[in-house]
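We've got the same protein chain twice here, in two forms, each standing alone as structure tokens: structure 1 and structure 2.
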Structure 1
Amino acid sequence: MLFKILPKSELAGLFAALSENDIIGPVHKGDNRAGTPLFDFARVTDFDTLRLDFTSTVHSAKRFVLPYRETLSTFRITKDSWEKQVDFNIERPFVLFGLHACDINALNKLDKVLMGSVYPTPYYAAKRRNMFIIGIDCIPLSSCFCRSMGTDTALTGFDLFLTDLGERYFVEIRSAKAFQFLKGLSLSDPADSDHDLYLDKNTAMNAAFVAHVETSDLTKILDLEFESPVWKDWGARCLSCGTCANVCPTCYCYGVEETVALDLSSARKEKQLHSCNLVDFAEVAGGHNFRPESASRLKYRYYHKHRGFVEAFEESLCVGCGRCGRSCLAEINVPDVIASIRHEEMVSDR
């Protein structure tokens, strides 16, 4: 990894140069009722609309690698046979300009299950191998708890990472491609004073955390408390709406549906992202439902993220971005749920 200093005025130049590709970045979408700005990732063509000072986006950048609905294959049907065509649904590489560490880590986690284990998913891999990622530092919201999940810094999974030092960016250059792209811009080596500013920035970030999740022994505690009545209380509040999975950068479960053209000449197989909170998630043919109550489904979501994934990959499937909690109309959030399971005081009670 190389560390350099880039004057802020140079960033527009980098953006312009990268504009030969599609650029996706954080933009301001509007304000909520309380006047808080809402951000989302979108295609950006004008550098001035790119909001690198964004807090968190409502949706994660997941949809650019895992679209909500995606065609897996199409079929050409003839009288007594058929032919399958497969397309991975990506034509050209793209740039993600401005991902926070949590979202970079979310992609790294998805890599483990979608590319790193048996039956790697080509639809995901094709997009993942065709993205150029520029990270940007952040100041956490009160609902963010990435620090607890160990995802407040990104060590891998980006090409460039920018830390705002006021007039300059502290730049981590991770890929040769990124190094190549920076050539011609006025880069300099960081001075001792830049190191100090960088560390100050880190201190400020750490001081801003309000929400915490205690993860020690969590896998065992989740096992121990599998029958805990606490789950029933959360289940009674949950609307089984699936919003949490939808906004989550690491939720990847899905369902497959097939449709056939009216003239029977073609058919389509599509996958649609699902949510384990939705009632039919574990229902099998004949009507038996393995998780009929919302409590068992909500519990399963936590169990998968904070136990199952840890067992498989030695890390949790939650990056502490806080999106699920901020979006949930029933005010269900990870720090509170985990605290209640651990018989600890909940943040919302304090």
Structure 2
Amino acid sequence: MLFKILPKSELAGLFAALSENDIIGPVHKGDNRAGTPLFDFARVTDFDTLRLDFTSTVHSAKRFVLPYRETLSTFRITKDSWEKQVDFNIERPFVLFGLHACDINALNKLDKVLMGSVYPTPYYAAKRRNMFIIGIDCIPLSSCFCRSMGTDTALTGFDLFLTDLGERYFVEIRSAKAFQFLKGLSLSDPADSDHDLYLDKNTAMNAAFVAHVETSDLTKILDLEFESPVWKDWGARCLSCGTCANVCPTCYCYGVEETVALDLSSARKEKQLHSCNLVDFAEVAGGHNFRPESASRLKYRYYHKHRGFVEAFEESLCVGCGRCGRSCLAEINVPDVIASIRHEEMVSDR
């Protein structure tokens, strides 16, 4: 990895060099009722609309590699022939410009499931291998707990990472492709003063964390508390709306639907992202539902994130971005749920 200094005035030049590709980055999407700015990822064609000072986005960048709805294959039948078409939706290379460390780590976790298995998902892999990622530092919101999950720093999964030092960026260069894009810009080696500013920025970020999740022995505690009445308390609050999975950067459960034309001349197979909190998630043929109660569905969501994934990959699936808690109409959030399971004081009660 190389470390360089890039003046902020040069960033537009980097954007221009990358603009032959689709660029996806954070943009301002308006304000909420309290007047707080809302940001989200969208395709960007004008550098001036890119908001690298964003706090967090409503949704993650996951939907650009794992769309909410995706056609897997189509079928066409004529009198004399039968044809199947499969499109992996390979578009031209695209750039994710301005991902925080938690979202970079979220993609790394999805890679373990969707690319690291014996049967990788070709639709996801085709997009994932076709992207260029630029990360950027942040100051966490009060609901962010990525430091507890070990995802406040990204070590892999990006080409460039920018840390704001005022009038310039401290740049981490991780790929040869990134180095080529930077060749025509005014880069310099970091001085001792830049090292000091970088350390100060890192200290400020660490001091800004308010929310915390105690993860020590969490898998054992979850096993011990599987029948805890706490799950019924949280389940009584849950609206089973699926909003948490909608905004989560690591949820990947899906269902497959097949639509056949009435004249049997054609058909389409589609994948749609699902949520384990939805009432029909565990419903099978014949109408039997293995998880008819909201408490059960909510519990298994937490066990997948903080128990099952840990057993499989030795790390939690949750990255601590806090989106689920900020979006939940019932104000259910990970720090409070885990604290209640551990019989600790909840964050919102402090």
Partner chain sequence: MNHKLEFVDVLAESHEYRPATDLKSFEYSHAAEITNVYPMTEHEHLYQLRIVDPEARSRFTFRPGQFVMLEVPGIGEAPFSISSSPSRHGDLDLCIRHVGTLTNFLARVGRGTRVGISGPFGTSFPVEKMYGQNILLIAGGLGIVPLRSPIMTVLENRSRYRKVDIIYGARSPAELLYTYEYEMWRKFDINLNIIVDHPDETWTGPSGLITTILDQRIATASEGFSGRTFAIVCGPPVMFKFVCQRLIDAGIPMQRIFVSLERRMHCGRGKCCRCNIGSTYTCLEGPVFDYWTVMNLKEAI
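Small disclaimer: the values here were computed from a predicted structure and weren't measured. We call the rigid core the largest set of C-alpha positions that still match within 1.5 Å between the two forms. Please note that residue numbering is based on structure 1, beginning with 1 at the start of its sequence.
Which number, 1 or 2, marks the form predicted alone?
Pick structure 2; the other is not the form predicted alone.
For residue 264, state whether the C-alpha moves by 2 Å or more between structure 1 and structure 2 after rigid core superposition.
Residue 264: C-alpha displaced by 2 Å or more between structure 1 and structure 2.
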